[in-house]
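One chain comes next, on its own, written out as structure tokens in the form predicted alone.
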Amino acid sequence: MLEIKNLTKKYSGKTALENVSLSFPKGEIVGLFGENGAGKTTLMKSILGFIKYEGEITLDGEKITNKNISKISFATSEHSFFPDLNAKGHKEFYKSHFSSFSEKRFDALMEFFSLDKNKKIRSFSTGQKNQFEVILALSQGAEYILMDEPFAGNDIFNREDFYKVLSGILDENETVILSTHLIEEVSDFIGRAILIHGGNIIGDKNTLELDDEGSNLVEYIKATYNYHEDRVSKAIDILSGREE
């Protein structure tokens, strides 16, 4: 169980997260949603210990340190690999550092994305680099896999097919926490939606509950954020001079 209690983070006096408390049991696929600057990335970086914060974050009842950090992996479009090393070299590096590294999963995902194991990662396109980052995160052998906008630069077919593959390869002890703006694309993939606004959790819903209520993820998010359907037409009227 990954638990967050009373997490608060401020940057130069400005609050990025305020008294956030969440728990993530094993075996969940969680969507983390919110506008730019809502606090999604700050939440993930706090879990990983990349930044200092107030509050408490524990993994199976213990603080996250060098002893258990390998149970968490991270995929981000900021990239964390060695650009002058090829994919085969990364595999050997990960095998030597993570005892639970899955060579079978690594090779299968490299083939799925049609990535060349012998090319330096520096020569990959932006989309390919993001794919490779995801491959490393999924192959590490972590129990909690954090993904922060991992599919930038990828076409819709690659993304949709990958969601299907991911659903098929995860085991019951693996949890994915996925931060994305692609709400409709992941609506059939995630099992739980967490909504962040202004550093606060404003929604936390199991998608099966939405089905029972006759609703869906997009409708739930719009209602929670108090989205006004007429905002586009009003803006057009103002900009076109039809409204004075």
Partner chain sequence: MTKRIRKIIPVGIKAETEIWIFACAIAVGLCRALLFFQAYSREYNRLFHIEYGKRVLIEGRTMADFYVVLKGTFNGFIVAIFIFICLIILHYGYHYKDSKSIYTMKRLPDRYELHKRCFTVPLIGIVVSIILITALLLLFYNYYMIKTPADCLFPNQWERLWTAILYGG
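In this text, all values refer to a predicted model and were calculated from it rather than measured experimentally. Numbering follows the first chain given and starts at 1.
A second form of this protein, the form predicted together with the partner chain, is not displayed here; the remarks below concern that form.
A.B. asks: Can you tell me which of 170 to 178, 111 to 119, 84 to 92, 156 to 164 lies within 4.5 Å of the partner chain in the model of the complex, counting heavy atoms only?
C.D. replies: Looking at the other structure, the answer is 84 to 92.
A.B. asks: Which residue among K26, K45, H197, K205 has a heavy atom within 4.5 angstroms of the partner chain in the model of the complex?
C.D. replies: If I apply the 4.5 Å criterion carefully, the residue I get is K45.
A.B. asks: Using 4.5 Å between non-hydrogen atoms, is Q140 touching the partner chain in the model of the complex?
C.D. replies: Yes, contact at 4.5 Å.
A.B. asks: Should E78 be counted as a contact of the partner chain in the model of the complex, where contact means heavy atoms within 4.5 Å?
C.D. replies: Flag for E78 set to yes.
A.B. asks: Just to confirm, I69 within 4.5 Å of the partner chain in the model of the complex by heavy atoms?
C.D. replies: Yes.
A.B. asks: With heavy atoms only and a cut-off of 4.5 Å, decide whether H97 touches the partner chain in the model of the complex.
C.D. replies: Heavy-atom contact with the partner chain at 4.5 Å: present for H97.
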